[in-house]
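Form predicted on its own, single chain, as structure tokens, below.
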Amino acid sequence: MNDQNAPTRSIDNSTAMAAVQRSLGKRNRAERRFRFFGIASIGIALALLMVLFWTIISSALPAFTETSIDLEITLPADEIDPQGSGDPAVIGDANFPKYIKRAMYSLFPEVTKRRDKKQLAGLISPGAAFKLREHAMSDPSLVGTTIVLRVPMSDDVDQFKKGQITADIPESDRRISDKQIAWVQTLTDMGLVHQGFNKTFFTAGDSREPELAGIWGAIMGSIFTMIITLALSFPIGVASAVYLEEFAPKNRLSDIIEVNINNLAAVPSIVFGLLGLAVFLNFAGLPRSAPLVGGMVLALMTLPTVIIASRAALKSVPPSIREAALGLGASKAQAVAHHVVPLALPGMLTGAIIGMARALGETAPLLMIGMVAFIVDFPGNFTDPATVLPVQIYLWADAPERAFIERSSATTLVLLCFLIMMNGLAVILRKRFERRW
């Protein structure tokens, strides 16, 4: 009887094994497809990220160079300092743009028509006169002599030398004329035109002239704003997280507070700007466009992120740490302050820096409190008018001159570098203060 059933069992076993093999093959193919789609998704994301970075970098690179010219400038003593006092205040009142124009006219004596002279003088940036003025005021002994000074050329010439404006474009469609292009070529052949690193971009404030515009004022405004943001959001956020996680009773009120904190983390940033406009400016009367107000607004926006990250860091501390401290006679406050918080500190710092990195890139709330104003001077304290890097990008991206477009890309690159540094600092702090148990 058993011998008669043996072939049947063998057939059943082979059928089952074949079904298992088909099932395994189907599952393996599904896993391979899933792995392929995952790798493809990562590859597409990296490719798009590379395209984004390449677009920003290629647009930003021209902003890091400037076009300048060496001019032989005569500073007549009878016009600049008739009394020979050597007083910088007297020297500063002289008509320095006239001496820049004279130097240019001397290079092209054949240019005699008024319109042509105006175009010739337009090859030089208005900032050349300010540079000459500062040079003469810093060294009064130069008055009455002839000096060679390297001064910036106009943004149109700069764009032409960088290849952004080409001569094959019809003259009516470009901002530099055929005559000006010929003069620039002549100056280049004479060895007077140079291209070098654009220090002005990193040392100057905002300007109506692209070749004179810089980001140092925006950097200082961002630093002052971030100091206020960190000084308010970190201690308040950590203290709130410690109370809610370690001391607050678990009741309906604490549940409502927790839900509201989570909801605030998803509120659009412009709402915080409206809140700052209504409370800090209209009600409290604080100064507009000040890093103090900007930092307070960004601190409100950052607080939910800091609180949530700090609570998550506190939850990650094993209960045995608390129980051991309490078992040795420590009070609840001592156990939290001396044992729990130090162990949770890396996560708290990481959350604070990530929140700060988000705040550094915000524009909408700062527009609402007036930090979109045209600010030339550098802020000296927390109440001086200032702007920040994201707002500076917004202002320059809306400008009609192409030179401002490349400067907005360069500022974006600088802002990305700041964000990468802040995220790198978060990783370093986490590794530095991390403890294992």
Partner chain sequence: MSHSVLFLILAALTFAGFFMGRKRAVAQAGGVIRSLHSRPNYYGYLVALWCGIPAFALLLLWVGLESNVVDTLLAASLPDSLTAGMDPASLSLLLNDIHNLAAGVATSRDINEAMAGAADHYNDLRETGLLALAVVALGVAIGGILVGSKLIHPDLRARAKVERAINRALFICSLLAIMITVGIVMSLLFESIRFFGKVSPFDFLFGLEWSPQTALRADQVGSSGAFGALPLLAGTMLISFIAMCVAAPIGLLSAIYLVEYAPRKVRAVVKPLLEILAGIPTVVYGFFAALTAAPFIRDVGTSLGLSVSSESALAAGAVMGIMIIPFVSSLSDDVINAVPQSMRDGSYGLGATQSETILRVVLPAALPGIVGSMLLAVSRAIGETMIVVMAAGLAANLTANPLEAVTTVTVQIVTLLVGDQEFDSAKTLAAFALGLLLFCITLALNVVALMIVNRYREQYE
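As the structure is a computational prediction, the values presented were derived from the model and not from experiment. In this text, rigid core is short for the largest set of C-alphas that superpose within 1.5 Å between two forms. Positions refer to the first chain, counted from 1.
The next section is about a form of this same protein that is not shown, the form predicted together with its partner chain.
Participant: Can you pick out, from I69, I375, I393, A403, the residue that has a heavy atom within 4.5 Å of its partner chain in the model of the complex?
Facilitator: Checked against the cut-off, the match is I393.
Participant: Just one of K179, R102, K315, R288 has a heavy atom within 4.5 angstroms of its partner chain in the model of the complex, so which one?
Facilitator: Exactly one residue meets the criterion: R288.
Participant: So if I measure heavy atom distances to its partner chain in the model of the complex, which of the stretches 122-130, 202-210, 295-303, 179-187 falls within 4.5 Å?
Facilitator: One stretch meets the cut-off, namely 295-303.
Participant: Counting only heavy atoms and a 4.5 Å cut-off, does its partner chain in the model of the complex sit next to every one of T55, I270 and T363?
Facilitator: Every residue of the spot touches its partner chain in the model of the complex.
Participant: Can Q195 be called a contact residue for its partner chain in the model of the complex at 4.5 Å between heavy atoms?
Facilitator: Q195: no, not in contact with its partner chain in the model of the complex.
Participant: Would you please decide whether S240 lies within 4.5 angstroms of its partner chain in the model of the complex, comparing each non-hydrogen atom pair?
Facilitator: Result yes; S240 sits at the interface with its partner chain in the model of the complex.
Participant: Indicate whether its partner chain has at least one heavy atom within 4.5 Å of a heavy atom of T112 in the model of the complex.
Facilitator: Flag for T112 set to no.
Participant: Taking heavy atoms and a 4.5 Å cut-off, does F108 contact its partner chain in the model of the complex?
Facilitator: It does not: once its partner chain is placed as it appears in the model of the complex, F108 has no heavy atom within 4.5 Å of it.
Participant: Do any residues of 254-282 have a non-hydrogen atom within 4.5 angstroms of its partner chain in the model of the complex? If so, which ones, in sequence order?
Facilitator: Counting only heavy atoms within 4.5 Å of its partner chain in the model of the complex, the contacting residues of 254-282 are I256, I257, N260, I261, N262, N263, L264, A266, V267, P268, I270, V271, F272, L274, L275, L277, A278, V279, N282.
Participant: Kindly check if the Cα atom of S23 is displaced 2 angstroms or more between this form and the one not shown relative to the superposed rigid core.
Facilitator: Comparing the forms between this form and the one not shown, which are aligned on their rigid core, S23 does shift its C-alpha by 2 Å or more.
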